[in-house]
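A lone chain, given as structure tokens: the form predicted alone.
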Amino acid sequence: MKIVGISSSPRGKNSNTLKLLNAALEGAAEAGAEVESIDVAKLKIKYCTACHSCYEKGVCNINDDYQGVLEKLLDADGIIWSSPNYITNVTAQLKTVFDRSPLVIHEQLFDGKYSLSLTTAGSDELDFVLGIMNNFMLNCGGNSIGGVGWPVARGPEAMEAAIKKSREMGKDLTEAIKEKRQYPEQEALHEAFRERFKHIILANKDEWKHNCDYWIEKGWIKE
């Protein structure tokens, strides 16, 4: 079992959010998972150019570090997303990864994978940023077990509580993968997405050949 943690703070080893990610990965490892951490802020990942190559051919035309990150995510059973709150959003570095992932959304490539999300903020504005990361996972066909936030202004006790909870959530992520945990509400969202999006796929079937072929192969649309 493999769990990949994504760090996206430009502060590197000085990142508060990285403390939560490290704790979650430690918990996952204690529960038996093989873990890996990827700092996307240190990688060369360019902006999406909306060229539609991924829809048409299943590959991105941009030559940078994104494909390597994607391959590791596709190979993983679980993903831990992490980002500090930057102007009530994830960092630009993580948002760029999300923007480069339309193929993952169109083809629901995280189907069967599980995730959790981690964030820090100066105040208590945590849920919105956690929601962005959780919703991205759901939009990609995966499941989210929830998230942990640390309001830094609340001091050392809040830090200790968030680190402890992150470690426990890392363990729980591993258990969710082991037991193939079911989330009926999330599965209902996946089914609703496929029902809604199949009409978009069909409307663009001549241009989005790779997407269309994939949906036919999965049995989500009929030839």
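Because the structure is a prediction, the values reported are computed rather than measured. Throughout, we count residues from 1 along the sequence that is shown.
One more form of this protein exists, namely the form predicted together with a small molecule; it is left out here, but the text below deals with it.
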At 4.5 Å between heavy atoms, is I87 in contact with the small molecule in the model of the complex?
yes
Does N204 reach the small molecule in the model of the complex if we count a contact as any heavy atom within 4.5 Å?
no
Test of understanding: in the model of the complex, would D99 fall inside 4.5 Å of the small molecule by heavy atoms?
no
In the model of the complex, does E125 come within 4.5 Å of the small molecule, counting heavy atoms only?
yes
Of A121, L138, V104, L73, the one that lies within 4.5 Å of the small molecule in the model of the complex (heavy atoms):
A121
Using a 4.5 Å heavy atom cut-off, which stretch among 196-204, 21-29, 8-16, 210-218 contacts the small molecule in the model of the complex?
8-16
